[in-house]
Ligand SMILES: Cc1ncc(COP(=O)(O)O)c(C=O)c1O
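Just the one chain here, the form predicted on its own, laid out as structure tokens.
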């Protein structure tokens, strides 16, 4: 069956992914099963999307109930589900208005368009970070500070200036009369789990305020509880002008949101931006259930507790293996930087029933569901330790 499915992919799907592993047929919580019945522990569910694990009962019920009522409506009509979700996001973050789309990249595109309106034609340059990742659409890809993503598609959109994360002087030096915004991830996910320092973020936020430059946070990965706060910016005691959400916002259904501070929200007018499928009754109802589940199951508390536990156990591994260079992250968004390539370790783990992620050549990324428990973490790290022992012998 695996070979047959792989051949179908090869024949009919564009070759945009390096597909690995068996044919998966079922998921529940932090586990997946393949067609042969083998069980896998998934500590990177859905590329960070499935924050409640696979097939959470409350999400299944929300999907089923809403599918029986109303799935799609055009956004020029009024419906309760989208209005309620916009209100929930604004109440949970900062005074804002919300635009809904389908993916993180679309959210980034919306934020870029808003910055253009804010710049009124005279300011249009945006400062972003080296090693950042903002998506695959053209402006989002151009904003991404990694040549491996945008080099094949040059010339890219030319209005982005890249500087190193946590280098305040470099950022300040890039500001000129054309600068309209700073766009950054508070934790660079695909870039290797690089965490922005609190002092740095506070200085940048204050600088943006003084210069009337928009401060935009890409919370596609860090949002919805991943860091122990509902939104990562809340760890920094600042408020952004624009926040971009996706991934965990739908816990499996495709949705993104551009959250715009009320002070600037009215610069965009009807007809200036749209998304046919953005914020349908179906996805917004599911997202509302995600908010309720995080709150009622006390998942922020669990994220903090399990994040501390995971990090402590990883430091114990670091003390045993000299090729582990650094452990870094926040909450349940953790990276293991190695002195060896991480992809072979990812492959070995997958073969033994553990799913993690290899990124940035030598970083293993662990981002489990927010309801992960100690037993699951222990099981995953036991497999990793076995693999590390083999690597150490070589």
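Since the structure is predicted, the reported quantities are computational estimates derived from the model, not experimental observations. Positions refer to the first chain, counted from 1.
Only in words, not in the display: the form predicted together with the ligand, which the text now covers.
The ligand is not shown here, but in the predicted complex it comes within 4.5 Å of a heavy atom of residue 185. None of the heavy atoms of residue 280 is located within 4.5 Å of the ligand in the predicted complex.
The closest heavy atom approach of residue 104 to the ligand in the predicted complex falls within 4.5 Å. Although the partner is absent here, residue 247 sits close enough that one of its heavy atoms falls within 4.5 Å of the ligand in the predicted complex. Only one of 119, 307, 110, 135 lies close to the ligand in the predicted complex, with a heavy atom inside 4.5 Å, and it is 135. Proximity to the ligand in the predicted complex, defined as a heavy atom within 4.5 Å, singles out one entry of 227, 221, 284, 115, which is 221. Judged by heavy atoms within 4.5 Å of the ligand in the predicted complex, the contact stretch among the candidates 68-76, 83-91, 126-134, 197-205 is 126-134.
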